[in-house]
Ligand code: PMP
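There is one chain below, alone, in structure tokens, taken in the form predicted on its own.
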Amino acid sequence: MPPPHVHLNGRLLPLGEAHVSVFDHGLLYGDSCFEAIRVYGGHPAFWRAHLTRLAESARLLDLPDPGAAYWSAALAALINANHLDAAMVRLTLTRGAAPPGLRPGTPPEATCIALAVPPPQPPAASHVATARFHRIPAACLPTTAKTGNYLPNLLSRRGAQAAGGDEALFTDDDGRYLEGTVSNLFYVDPEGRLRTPPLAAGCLPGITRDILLAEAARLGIKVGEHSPTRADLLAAREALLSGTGYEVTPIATLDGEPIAAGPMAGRLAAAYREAIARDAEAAPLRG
């Protein structure tokens, strides 16, 4: 069951009393951005990085962001009111309620939502499928913004699940793999180097991706950026997904074909947990 309180437009409300207008432009047009933050032991892991990315998404979409002070206070209030120990918190910013139309005459007040749900349980190993659709290209929508426009992700994820998998991987026009619908992609090449597709290829700048790259460097692991082909992934020593929900999850199969297992996923998962603990100590969220 979801926790009983929601933070909506500056107020803590019981879940049943939190309502958004049917004229909200996030609902009508997907004019919104969001962040998902994982709570461990009452601490919202890497919350500062998430708020920085939320602000950048708002800037790219020209959304009226109330700012980091507002969101950090909302996050703290939500955690405290619901006594959250382990949860997934979603922060959503929309254009707000205004008459239908692509250009509201008077700028509406933004809608700001902070809500919590139980944390996801990633699989021990992921079975992934090649996505049916491509990501919205940068020429249409900034790929570095985490927006509410998720139809390619939703449709591709449903297709993967219908085929018995749990995640789909987007490809570019040349068939090179970029990222999952809610995850970033890593693999270990035959020479033992850890590789991940570059952000310039159109990948979302994942918070967990950044942390794993930093942890790999700290551990002395050779890292490079490269968008793999299907042959690259099937020949890899191992491959894995990273993300706030997936954490660090090895990939078992791609479209039903096996991918080798190895020690890198476990090594990075342990380093990720240590990074969470360091973040809780260095950046506690004050309520």
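Owing to the predicted nature of the structure, the values given are computational and were not obtained by experimental measurement. Position 1 is the first residue in the sequence shown; the rest follow in order.
Separately, the form predicted in complex with the named molecule exists; it is not shown, and the next lines address it.
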{"query": "is_contact(residue 206, the named molecule) in the model of the complex, heavy atom dist at most 4.5 Å", "finding": "yes"}
{"query": "Partner proximity in the model of the complex: residue 157 to the named molecule, non-hydrogen atom cutoff 4.5 Å", "finding": "no"}
{"query": "Interface membership of residue 184, the named molecule in the model of the complex, 4.5 Å heavy atom rule", "finding": "yes"}
{"query": "Proximity of residue 146 to the named molecule in the model of the complex, heavy atoms at 4.5 Å", "finding": "yes"}
{"query": "Partner-proximal stretch of 256-264, 48-56, 231-239, 215-223 relative to the named molecule in the model of the complex, 4.5 angstroms, heavy atom", "finding": "48-56"}
{"query": "Heavy atom within 4.5 Å of the named molecule in the model of the complex - residue from 92, 72, 171, 153", "finding": "153"}
{"query": "Contact assignment for the named molecule in the model of the complex, among 227, 244, 249, 32, heavy atom within 4.5 Å", "finding": "244"}
